[in-house]
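Structure 1 and structure 2, given next as structure tokens, are two forms of the same protein chain, each shown alone.
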Structure 1
Amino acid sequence: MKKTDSEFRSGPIPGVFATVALGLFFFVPFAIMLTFSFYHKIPGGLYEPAFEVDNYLRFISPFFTQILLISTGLCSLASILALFIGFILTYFMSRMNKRGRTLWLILLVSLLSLSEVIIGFSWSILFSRTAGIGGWMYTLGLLDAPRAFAPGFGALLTALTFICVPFIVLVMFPPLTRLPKEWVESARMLGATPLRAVITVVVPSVRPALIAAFILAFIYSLGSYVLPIMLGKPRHWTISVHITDQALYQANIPFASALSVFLIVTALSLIALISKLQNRFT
């Protein structure tokens, strides 16, 4: 007899495995990072073991507050846009025949295989003055002079949204394809326009998946380093960029660790907050 899913799930091995995997790939690196974040940076040198909170005290400045606000703001905005685009895309995919769906899925998954550098480079060309829309718009008479849209907020937001969309689709695809098409049809029969049916029936039905997709996109975009430096102006550099600068260029591992700990804690508390709000609503 075949074992059911729940039998597999209830066995001791998966639990042990999950704990070990989580420990190995999250808690151990996190613990190392946490330890380093309290180390002492030797001015002009590397670091030495110590327990001091100086690295954390550096956050209490308008500079880092601004970076944090910009990072979270930019990434939430990109995630919301990606959620919007990804949801619409997935909804239409879910209504296609099998062939159409597969083609779209292959296309989107192949986007995931592109490195961020290539994506960033493509967008920077597309937003350029000499070879991109800034030039085309001038040719079409929409602009008085050719201009570059990258680096800039719009370019960065576009690229961040772009890299998040495939994740949204991958999360939303299963629930949306499983959603009985009769739900929308019965809403239509009850007087709802197609848009209204989607808003009042489809969206509430897949809300947990939407939230999961948003969180995934948010965390993913927050970790992006290449796109902000390629497409953003210095004021759009996210906390990931500053972490990399500290770790790779300033050799300040303790401060880079402290920033990373802070980033993880911020991300986890946002997730906790969202889940709590979701539980309250349902």
Structure 2
Amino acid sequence: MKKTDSEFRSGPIPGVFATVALGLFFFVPFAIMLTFSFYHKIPGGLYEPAFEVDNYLRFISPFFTQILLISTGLCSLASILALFIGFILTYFMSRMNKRGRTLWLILLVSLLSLSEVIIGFSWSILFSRTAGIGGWMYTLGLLDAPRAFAPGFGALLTALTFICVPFIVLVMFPPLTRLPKEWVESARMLGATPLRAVITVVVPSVRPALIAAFILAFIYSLGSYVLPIMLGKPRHWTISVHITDQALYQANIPFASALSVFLIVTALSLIALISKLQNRFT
């Protein structure tokens, strides 16, 4: 007897395929990387099998502790700014008619099609000395001389916030559009100001989506590679840049593997936190 589509989807084949794919493309590479993170580095850019925790102990050294704090702090700040801007933008989009929402969604999705290299070059020109903001401010008499704002913390923070906003909007758009408009109108009729109505009614209703959007932006910005190199100074580099630096330029594969394990564990921990918080608030 031939199986129906519903019987095929509920059978063991999809589960086996998903398990094999997850094992081949995630668990096997992760196991290899985890193994290399305990290897011993020897002079000349080589390494040998061992079981050393020195690569992980380097995380608590003052130098790399500062790197981790700056990287996580920068990405957290960029995620908070992106969440603030994205929430406001999505809220006003949810109040538009269908045509207006569609146009804004097309615009935001088109931004996702741009590569990080194009975005980085665009912001580097905008923050340049002559053709960018520094030259404009000098022309208007706001500066005594043209000034370049990149590389710098502010330029990198702006670019990271920019690339995270579309992801925030895509996560926040479904729950905000499904939110009944009568709830906000009822709060307004009871005397709440527009801002207070949003804070007391809208924000608690979409709290799980806000948490998910923030963590998504944080993970994405933490893994950014091109923007920190183009717009930031070495002290502003994210963990992804330091992984490449250790693997390619310092020839320290074991320590680069340890940094990669730390990045993956951080991402998985945040995803687990999303699931726990969503189960708590739903």
Partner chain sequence: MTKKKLGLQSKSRRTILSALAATTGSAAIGFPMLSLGQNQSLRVGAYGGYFKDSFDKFIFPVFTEETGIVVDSIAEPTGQAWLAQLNAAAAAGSAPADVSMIAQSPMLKGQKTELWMPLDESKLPNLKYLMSNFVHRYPDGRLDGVGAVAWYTTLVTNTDVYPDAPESWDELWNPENKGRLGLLALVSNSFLLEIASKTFYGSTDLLDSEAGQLQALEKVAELKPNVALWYRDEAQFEQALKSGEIPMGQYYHDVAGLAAADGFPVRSTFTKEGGVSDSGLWAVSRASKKIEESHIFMNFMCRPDIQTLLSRMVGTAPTVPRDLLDLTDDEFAAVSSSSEPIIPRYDIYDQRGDWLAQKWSEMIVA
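All residue numbers here follow the sequence of structure 1, with the first residue given the number 1. So that the term is clear: the rigid core is the largest set of C-alpha atoms that superpose within 1.5 Å between two forms. These numbers come from a predicted model, not from an experiment.
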item: Between structure 1 and structure 2, the form predicted alone; value: 2
item: Rigid part versus rigid part between structures 1 and 2; hinge residue out of His236, Ala213, Phe36, Phe87; value: His236
item: Rigid-body rotation angle between structures 1 and 2, smaller part relative to larger (whole degrees); value: 14
item: Leu270: CA movement between structures 1 and 2 [superposed on rigid core, Å]; value: 4.9
